[in-house]
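Let's start with one chain on its own, the form predicted on its own, as structure tokens.
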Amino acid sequence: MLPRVIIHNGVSVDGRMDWFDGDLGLYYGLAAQLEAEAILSGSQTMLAGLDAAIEEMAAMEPSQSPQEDTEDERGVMVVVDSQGQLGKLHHLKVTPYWRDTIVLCSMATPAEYLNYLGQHRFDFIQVGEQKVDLRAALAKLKEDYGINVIRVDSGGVLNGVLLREGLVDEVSLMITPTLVGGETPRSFFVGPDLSSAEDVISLRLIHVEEVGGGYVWQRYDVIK
């Protein structure tokens, strides 16, 4: 059994993820309604915001740790990092946004990076030869950690791999009232061009709502 996987992205009307400033408060407010127990992100997405997140954490006042008899309801951050690129990840070991971090690695992940994760007490799952076997990783997240719903908060490349491998159950889009255009594939779904119409992914609309300021929230079940 696999957990339910929901891709949640903010996009322009033409499906781009760049060159516009979306309403982050609204975006994460909608994300909270998905009630995911874990957030899945790619290493490039984490790298893009890592330095800024470290600076933000350093500027924060020390927060009171949860009491031992209080259940920590924050989600778990899960990061795909087969190449071992997140050597600063330990700076976000303690964060108000998630309670723990799990790193997904492959058999080709450098040994020094695995040692780094162990030294900083990060849990990691090692599945796949050269790249992370996402299906196997998702199965272990459910079996070993009891994670039933995962929200994907990442760029188009990881989204594309998950979609092409048939691992996505729902697509949630906050449509920003903008048009971007362009020739580069900076959409929320990046992958090789199709060779057959049989590989087109069909969706079933399950929710559409205007959420203020011209933003529209659309949710689709992936038809498998």
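As the structure is a computational prediction, the values presented were derived from the model and not from experiment. Numbers follow the displayed sequence, beginning with 1.
We do not show the form predicted together with a small molecule, though everything after this point is about it.
Contact annotation: S154 falls within 4.5 Å of the small molecule in the predicted bound form, judged by heavy atom distances. Heavy atoms of R164 never reach within 4.5 Å of the small molecule in the predicted bound form, leaving it off the interface. Using a 4.5 angstroms threshold between heavy atoms, N148 stays clear of the small molecule in the predicted bound form.
Taking non-hydrogen atoms only, K131 approaches the small molecule to within 4.5 angstroms in the predicted bound form.
Considering the small molecule in the predicted bound form, the lone stretch of 95-103, 110-118, 140-148, 75-83 in range is 75-83 [heavy atom distance within 4.5 Å]. The three marked residues, S43, A48 and R186, each reach the small molecule in the predicted bound form, with a heavy atom inside 4.5 Å.
Put simply, of V180, I39, L158, I175 only one has a heavy atom within 4.5 Å of the small molecule in the predicted bound form, and it is L158.
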